[in-house]
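In the form predicted on its own, a lone chain appears below as structure tokens.
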């Protein structure tokens, strides 16, 4: 895109991914990079739409691939499998993230990843360090993402840093994370207009470990029964994705934001890996994971450990 520096999060973007790109664009421009442009690797979900509509912000332009030597800034991800097509031939200027690092570059770049619950917690600290004002709109974007990624500070991914930042953002924005955050999460649970294929791609991430290729998809809900009454349709969509992407297995997690647990569907030739990882027995391809709400902290790590 001409001489633009493209800023984007991961594929199947969530609220942290989209808002972090917007907030990073604002920071870059305040620091003198007038070419910074936030884009998206997919259309926004209903939760993120709630946030952007609340603030009167347009959805970032959606892109599918980039040209060779395109200058980019990555937020909320660093894995090539979760990034834009042709990322291997991009010029990555910066990475701001909160996930496990799987990054190698043959050149120097700005890389910042912290073990916190949300990329926006890192970005808030960067604004402070650079002396850039966090206004009400930027602050609300930050607060929204933290509420999303930490399930309003109830997820085990929540850290003391996140809580501290939330208190400061509440003072800046006048927004109460509990009231606003719950409304935002509930807005994101309405999947009545989505096809099964769309549902499993609302928040889906691809991983590779020990020569195994798998996806973990997650959707929030206030009613697990409303999800699993359509289980056969979801299984059909999952199996089609397994065949298309040549996956070894696939985990679809429906996370109950009211009772803080998740019910999963696990399919694929290596699906028994999931049973062993959690010490469970699947019943009709499903199992309940009590007190499990975080893909990053509670679903992915046991699977990676089992594959090792």
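In this text, all values refer to a predicted model and were calculated from it rather than measured experimentally. Positions refer to the first chain, counted from 1.
What follows is about the form predicted in complex with another copy of the chain, which we do not show.
Chemist: Tell me, please, which stretch of 91-99, 199-207, 172-180, 139-147 lies within 4.5 angstroms of another copy of the chain in the predicted bound form when heavy atoms are compared?
Modeler: Contact criterion met by 91-99 only.
Chemist: Go through 187, 227, 113, 152 and name the one with a heavy atom inside 4.5 Å of another copy of the chain in the predicted bound form.
Modeler: For this set of options, the contacting one is 113.
Chemist: 46, 80 and 243 - do all three of these have some heavy atom no more than 4.5 Å from another copy of the chain in the predicted bound form?
Modeler: Heavy-atom distance to another copy of the chain in the predicted bound form: none of the three under 4.5 Å.
Chemist: Does any part of residue 129 reach within 4.5 Å of another copy of the chain in the predicted bound form? Heavy atoms only, please.
Modeler: Yes.
Chemist: If we define contact as a non-hydrogen atom of the residue within 4.5 angstroms of the partner, is residue 104 a contact of another copy of the chain in the predicted bound form?
Modeler: Residue 104: contacts another copy of the chain in the predicted bound form.
Chemist: Taking 4.5 angstroms as the cut-off for heavy atoms, does residue 125 touch another copy of the chain in the predicted bound form?
Modeler: Result yes; residue 125 sits at the interface with another copy of the chain in the predicted bound form.
Chemist: Under a 4.5 Å heavy atom criterion, is residue 285 part of the interface with another copy of the chain in the predicted bound form?
Modeler: No, residue 285 is distant from the partner.
Chemist: Using a 4.5 Å cut-off on heavy atoms, what residues in 197-233 are near another copy of the chain in the predicted bound form?
Modeler: Contacts from 197-233: none.
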